[in-house]
Structures are given as C-alpha cells and as structure tokens.
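Just one chain follows, in the form predicted alone, and it is written as structure tokens.
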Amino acid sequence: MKTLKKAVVVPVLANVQVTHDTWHITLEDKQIAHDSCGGQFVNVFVPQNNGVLWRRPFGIHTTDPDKGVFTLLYKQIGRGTTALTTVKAGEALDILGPLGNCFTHTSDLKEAIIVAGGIGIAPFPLFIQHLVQHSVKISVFYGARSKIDFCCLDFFRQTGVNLHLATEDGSSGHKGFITAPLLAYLQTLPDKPGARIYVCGPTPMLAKMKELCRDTGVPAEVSVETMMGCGFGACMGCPVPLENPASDGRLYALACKDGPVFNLEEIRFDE
C-alpha cells in the first residue's frame, strides 16, 4: 500500500514567462528533486485570491538533485494558472508530490520517440535527462500552433536529440500536425522492436496517435492531461475511460492514482 504523501511548503526561486502564455517556475525542495521521475506530477495549492479551491496538477519538468531544485512548465489558461503567474521569487507554494507513475524504460529500449503537442511537452525534459544517462537514442516530435508557442528548444538542441518540429500555421518546421512527419519517420524506422513512443498532448492528437501506433506496430505510452484535484484518488475527479474493463471490473481508471502514464492501447477516446 502506498504511503500518503504530505504537502510541503517550498520556496519559489523564479517564475518566468517564456512565451506569450507559458511560464517556467523554479522551486526548491531536496526530496522532490531527488525522488521525481519523468511522467510524475505535483499538485499545487495556488494563491486563493481568485476563489480557486482545488489544487492544480503540473507535470514535473526538470530536476537538479544536486541543487535540490525542480521546475514546472505551465500554460496560463484559467483562474488557477493565472493566479500562479502572480507568484514571485522569494514567496512559497504549498506542494503535494511527487505523485503518479513514470514513463517506463526497459532494458531493450533502443530508441525513445517522444511526441508532444503544445504544453504536452512539459513532462518530457525530465524523462530525457534520464534517457541521456542510459545512452538511448532520442527523437522528439514537437507540434504547436505557431513558432511563438514552442518552449524548451534550447534544451533539446543542447541535449542533442533528433528534433522534428511542426506548426499549424507553417511558421516553423512541417506545416500541419506533427503526426504527419512522425508517420513518415515510423514507416522508415529500421528497428521497430527496439522503439517505443511516449506521447502527451490534446485529446484529438492522442486519438490519432493511437490509430497511428496500431498501423505501424510501435507501442506507446501516454501521459494524460486532466484535472486531478486531490492527487491520490480520493475525489474521483479524474476518470480515464478504458478500452476494456480492469481486473476489478472498472470501466474507468483514475489519472492520479493509476496514471497519469498509461499504455496508449488501454485508453478509450470517445468521440
């Protein structure tokens, strides 16, 4: 049985706007920085001046265990994230985490193919930090509406990953959805048994990815994006539809308790 984690109050070292609607916040906590793995998240109790009651989940972006710091990448969308943008260096936040499970890295993994749409890029740098230490080939397929929406490009270039970009407006990389250059790449992939896809993004993209993975025979893991109010399964507010009933007969999993990382084949995407 998992031990229920306790919330901690952590110092904010920086909270910087990196695009027109995306922010990067740096926090200090040795335990979270040491214990976190790619795919996990923290639940943040944001400032309450906007009547925000529930914690907000954010995938852990990067960690530096030696310095005891970790970072989150978030998009300003609603009341919770707007309130978070007002937090300044020197203040503190109430954090619960790390929560959830991790992307898997098996001993036979030869190439990790990372596919991200928009803010779905957030959980992958931490996973890439891990993969680099194990000499796994890394290809990143990153799609956004426009080039002004891209984050982390310097990190990817410095890490030396095989980077592919796509924008809906054609301002950078392939014009259209990222699934088009990904499909072309998978069709010529020499070692499909040694490859695995890791994906995070909007639901329409995930549904397309499921179809694409079935057609090409490359397995995939998905990090689902959904509201996770409590972070440990008590509020039942983050149901994820399953293709087939679970061993206990459930038709839904809980993103926070059973995920947020799932085998892509397990998830049902309703129209």
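Here the structure is a predicted model, which is why all the values come from computation and not from measurement. Residue numbers run from 1 along the displayed sequence.
Not pictured, yet referred to below: the form predicted in complex with a small molecule.
In the predicted complex, no residue of the candidate spot (117, 216 and 222) has a heavy atom lying within 4.5 Å of the small molecule. Heavy atoms of residue 98 never reach within 4.5 Å of the small molecule in the predicted complex, leaving it off the interface.
Contact annotation for residue 57: at least one heavy atom lies within 4.5 Å of the small molecule in the predicted complex. Of the heavy atoms in residue 74, some are within 4.5 Å of the small molecule in the predicted complex. Although the partner is absent from this view, residue 178 stays clear of the small molecule in the predicted complex, with no non-hydrogen atom inside 4.5 angstroms. The single contact residue among 88, 79, 134, 145, judged by any heavy atom lying within 4.5 Å of the small molecule in the predicted complex, is 79. The candidate stretches are 242-250, 58-66, 208-216, 28-36, and the one lying within 4.5 Å of the small molecule in the predicted complex by heavy atoms is 58-66.
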